[in-house]
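The data below hold one chain only, encoded as structure tokens and taken in the form predicted alone.
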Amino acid sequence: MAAIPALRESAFATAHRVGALVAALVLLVALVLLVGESPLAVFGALLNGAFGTWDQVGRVVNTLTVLLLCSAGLVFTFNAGLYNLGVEGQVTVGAIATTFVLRLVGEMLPGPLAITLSLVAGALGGVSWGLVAGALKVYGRVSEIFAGLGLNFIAQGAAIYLVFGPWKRPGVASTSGTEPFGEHLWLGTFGRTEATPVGVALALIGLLFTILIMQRTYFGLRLRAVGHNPRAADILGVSSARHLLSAFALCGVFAGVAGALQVVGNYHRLTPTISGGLGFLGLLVVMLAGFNALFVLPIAFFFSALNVGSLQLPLVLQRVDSSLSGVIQGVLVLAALMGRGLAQRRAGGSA
């Protein structure tokens, strides 16, 4: 008989979440109508902008690889009860470390070996920056939100300094970044698109690893326990400090590899804004997924298509700007959080 109330609560929680998303879609349709455009025309423009040509499909996939890695890493920190806003800095430091290795050994070693070493360097750069945020949180009692934002500024400042200082292009410093690396240091792509098989493989392996760890291991169970109640976890013998640092480290590894892929697979150089905001977008993906890695792939794919497709909006529809994609993402995430909050409130009231 106990299963019946639980099933009923689950149905109510689902109803709240679905209802919130429906309300979000209604609001978005109203906003589009308010600016004098047809929702169907906006949807068609987004779809054509994301999948109209193979080149656009490649951009969607290229964005998806970086977004998947950031989102998969953030699953660990979110489940540990951490809002790791420092993921952008971890991506940037990973890119800086990758660039450093390629500048150091790129011309001395075969391309595949140099790229492999640069990916490892990116992972190490990301994990080191993640552990700095973790140490500030665990040992310095500094909120991971403020620590992460501060470290983001430092990482971006370092990238700007390197691009306009020691690593500037010969004779000129440009916001476009450092001098591009030789093509032997570029990852191979699918045909003439921007999508890289290595990037896709790393992103899917990273996501699968996250799913297995969170769903099938004691570590994932303990991480969730720490996220729910660190003091209770400590009393039960689960070290909250160790698990929090582990979550930061895992997220840093994934973000660092994402930064490395931005260098060797996308821009082929270091740029001042190498992360492209995809770390912050990963935060929205994981929140919309309810911190569950199983739902990360479809949501990340939707957001990637939305980002690429929105670039065509001002070209096709005069009264709609590409910033509409950010509005859509924000409204959907707020709706998902609202639905989750209503479901938790009802569950609390019933208890």
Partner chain sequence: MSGEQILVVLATAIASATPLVFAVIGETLSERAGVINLSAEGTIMFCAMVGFAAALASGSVWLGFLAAAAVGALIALIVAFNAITLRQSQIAVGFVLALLFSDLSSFLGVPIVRIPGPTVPAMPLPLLSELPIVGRLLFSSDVVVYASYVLIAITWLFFYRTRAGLMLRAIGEQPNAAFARGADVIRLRYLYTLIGGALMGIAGAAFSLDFKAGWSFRHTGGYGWIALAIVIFGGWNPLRAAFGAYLFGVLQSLASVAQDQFQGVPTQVLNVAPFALMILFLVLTSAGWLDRLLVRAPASVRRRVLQTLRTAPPAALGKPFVQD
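Treat the numbers as computed from the prediction; the structure is a model and nothing was measured. Numbering follows the first chain given and starts at 1. Here the rigid core means the biggest group of C-alpha atoms that line up within 1.5 Å when the two forms are laid on top of each other.
Another form exists, predicted in complex with its partner chain; not displayed. Remarks below refer to it.
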Three residues, Leu113, Ala121 and Ala233; all within 4.5 Å of its partner chain in the model of the complex via heavy atoms?
no
Does its partner chain get within 4.5 angstroms of any non-hydrogen atom of Ala24 in the model of the complex?
no
Mark Leu149 yes when one of its heavy atoms lies within 4.5 Å of a heavy atom of its partner chain in the model of the complex, and no otherwise.
yes
For Arg141, is any heavy atom within 4.5 Å of its partner chain in the model of the complex, or not?
yes
So in the model of the complex, does Leu185 come within 4.5 Å of its partner chain, heavy atom to heavy atom?
no
Within 4.5 Å of its partner chain in the model of the complex, heavy atom basis, the matching stretch of 50-58, 33-41, 295-303, 63-71 is 33-41
Give me the residue from Val200, Leu136, Ala249, Leu109 that has a heavy atom within 4.5 Å of its partner chain in the model of the complex.
Leu136
Which of these residues, Ala225, Leu204, Ile154, Ile211, gets a heavy atom within 4.5 Å of its partner chain in the model of the complex?
Ile154
What are the residues of 284-314, in order along the chain, with a heavy atom within 4.5 Å of its partner chain in the model of the complex?
Leu284, Met287
Has the Cα of Pro298 moved 2 Å or more between the shown form and the other one, judged after a core fit?
no
Relative to the superposed rigid core, does the CA atom of Leu31 travel 2 Å or more between the shown form and the other one?
yes
